[in-house]
Structure formats: C-alpha cells, structure tokens
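A single chain comes next, written as structure tokens; it is the form predicted alone.
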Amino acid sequence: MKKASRKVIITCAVTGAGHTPTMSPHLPVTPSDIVAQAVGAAQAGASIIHLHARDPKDGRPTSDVNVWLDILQRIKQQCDVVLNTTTGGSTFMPIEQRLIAPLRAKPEVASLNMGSMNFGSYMMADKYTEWKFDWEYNHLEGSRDAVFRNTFKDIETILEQLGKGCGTKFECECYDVGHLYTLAHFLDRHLIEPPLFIQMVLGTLGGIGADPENLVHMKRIADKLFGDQYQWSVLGAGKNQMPLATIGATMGSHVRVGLEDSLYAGRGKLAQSNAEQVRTIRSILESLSLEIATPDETRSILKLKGAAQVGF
C-alpha cells in the first residue's frame, strides 16, 4: 500500500441508532439538536459527518424523508462538511426503508455494512430503571434476538441503486475480517470502484474485539486484498474510541469519533457534545504531527462527486 496521506480525515457520527435518549442528555435527538451538533463537530475539525435521523417526538430512529432532508439541508446551509447518510438505519428496519432517504438525498458518501451479523446492545438496558420514552427498553432488549441483515442481495441493491445510480461513494463498515473478503468480492465484480473507504469497526458485541492485535490483523488482510486501492479509518466502540483511533492514526489510518460510537469523554464522564470528542482526537492527532483534512481535501482523497451533485 502507498504511504498514507498525512492529511487525516476525522469522521464524526453524531447520533446513531443504538444509544437512546435516557443514556445521555447530550445525545442529539431532535433535528435542531442534530444539526447544531453536526455543525459544531465540523467547526471543531470533522470533515465528514455520519448521520442518522430520529423521530422529533420521541427520539427513536426514523427513515422519514422529510426529517432527513430538513437535517441535511440545514447542515449544508451552515457549513461545507461532507455529509454521509447511513444505509444501516436501525437493526429493525428492512432494506427498503433504510434506502428511502439516501436515494432521495443522493449524498456524497453513505455508510454500507458489509455483512449480516448479531449486533447486541441489550446489555445496556440493565443499567437503567427509568426511561424517558417507552420504546427505549424494547429497542435495546430486542437486539438479543435480532439479526442485523445485510445480505449479498442487500449489498448489491445499495451498490447498484445508490452507488452506480447516484454517484455515491461508501464508508464500507467492516465489523470483522470476513467483511473485508465480502468487500473484495464486490470489488472483483466491479460493483464498487476504488478508492475504497474502509471503516474498521472494533468492539461491538457480535463483531471483532477491540484489541490492537485485531486491528493489526485487519489492516494486514486489507493490504493483502486491496493493495493501494483503499483508504481506511478506525472506529473503536465505547471506551475503545480514543485508544484505537490513536493506534490507527499511528499506523496510517483516518479516524471516527462521535456520540453514536461512545457517549463518554473519559472514564465516567459523559461527553458534553460531539465537538468535544472531535477536539480531543484532533489534539491527539496534531500532537503526533499529523494534519487534519479539510472537507475539500477529504473530497479529493476519497474521489467524491462534490456537494453540488447531491440531491438536497
């Protein structure tokens, strides 16, 4: 693989679908809060904002295209950050529902999960006895007996309709080594084109563990499969967020932080905002003499189509 660019892309995943409103008063759930925190993260140094949408009434994950477009349009009006819409949505959404908003928005980047998997968050339900909203407990507990579906056909559909159909590039989320081989399969079939943007996800229950040795192994396999055809980023779930991002950066990776992946800013200390996490990782990167990529530099590194070509 060619030497990694010294420009490091910071992705910030601002809200996600796993954490629920009870868990932190700082988790953005309304459109206005999501917009404000996305803009704040961009101002702090994130060049990609990874987005989920939530129902304005109770904060549950939603595929409502009007909510999505409101969020996307308001962020775009306020800053030039690259906007990345999830195609994962929620474990409990079928693929047709998960694609409604991305196909309308035609974003520069969208996430793409590279395989079906168990995705457990049910353990978090035991930490709380009172809930802000009735749906939260069942949402968490339901993951005990749910499979996050991303079949070969699902992946083909996303690549064909959103990738080839809309010119969208993908944040290819790989939760285990087998997901890298699945991505190689689609590359061999020319359904996805380089440069690939691989998000190595470590530390979720059902995926590969958050050990430095696992990160090194995934990087070694990616090098074998993709050579110089990929860029990569590191996502450590929960308490692993900053340590793994730091290790990855020293190995040549880009990084991802945000309240989707961790609610904390240190042991027992809730992060006050997504921007706080961005500032923390930016400080670490700059202390390592690494430069932070701007949105336009990110577009160049990933060969994106540009903000003028989106559908919002």
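Computed from a predicted model, the values in this text were never measured in an experiment. Start at 1 and count along the sequence shown; that's the residue number.
Another form exists, predicted in complex with (5S)-5-amino-3-OXO-hexanoic acid; not displayed. Remarks below refer to it.
**Q** Counting only non-hydrogen atoms and a 4.5 angstroms cut-off, does E276 reach (5S)-5-amino-3-OXO-hexanoic acid in the model of the complex?
**A** E276: no, not in contact with (5S)-5-amino-3-OXO-hexanoic acid in the model of the complex.
**Q** Please tell me whether any heavy atom belonging to E173 falls inside 4.5 Å of a heavy atom of (5S)-5-amino-3-OXO-hexanoic acid, as the geometry stands in the model of the complex.
**A** E173: yes, in contact with (5S)-5-amino-3-OXO-hexanoic acid in the model of the complex.
**Q** Would you please decide whether R282 lies within 4.5 angstroms of (5S)-5-amino-3-OXO-hexanoic acid in the model of the complex, comparing each non-hydrogen atom pair?
**A** R282 lies outside the contact set for (5S)-5-amino-3-OXO-hexanoic acid.
**Q** Is there a heavy atom of T86 no more than 4.5 Å from a heavy atom of (5S)-5-amino-3-OXO-hexanoic acid in the model of the complex?
**A** It does: once (5S)-5-amino-3-OXO-hexanoic acid is placed as it appears in the model of the complex, T86 has a heavy atom within 4.5 Å of it.
**Q** If contact means any heavy atom within 4.5 Å, which of 26-34, 44-52, 247-255, 267-275 contacts (5S)-5-amino-3-OXO-hexanoic acid in the model of the complex?
**A** Within 4.5 Å of the partner lies stretch 44-52.
**Q** Which pick from N240, T204, S143, S233 sits with a heavy atom within 4.5 Å of (5S)-5-amino-3-OXO-hexanoic acid in the model of the complex?
**A** Comparing distances to (5S)-5-amino-3-OXO-hexanoic acid in the model of the complex, the residue within 4.5 Å is T204.
**Q** On the criterion of a non-hydrogen atom at 4.5 angstroms or closer, are D58, S63 and F92 all touching (5S)-5-amino-3-OXO-hexanoic acid in the model of the complex?
**A** Result no, not one residue of the spot touches (5S)-5-amino-3-OXO-hexanoic acid.
**Q** Which residues in 104-139 have a heavy atom within 4.5 Å of (5S)-5-amino-3-OXO-hexanoic acid in the model of the complex?
**A** In sequence order, S111, N113, F119 come within 4.5 Å of the partner.
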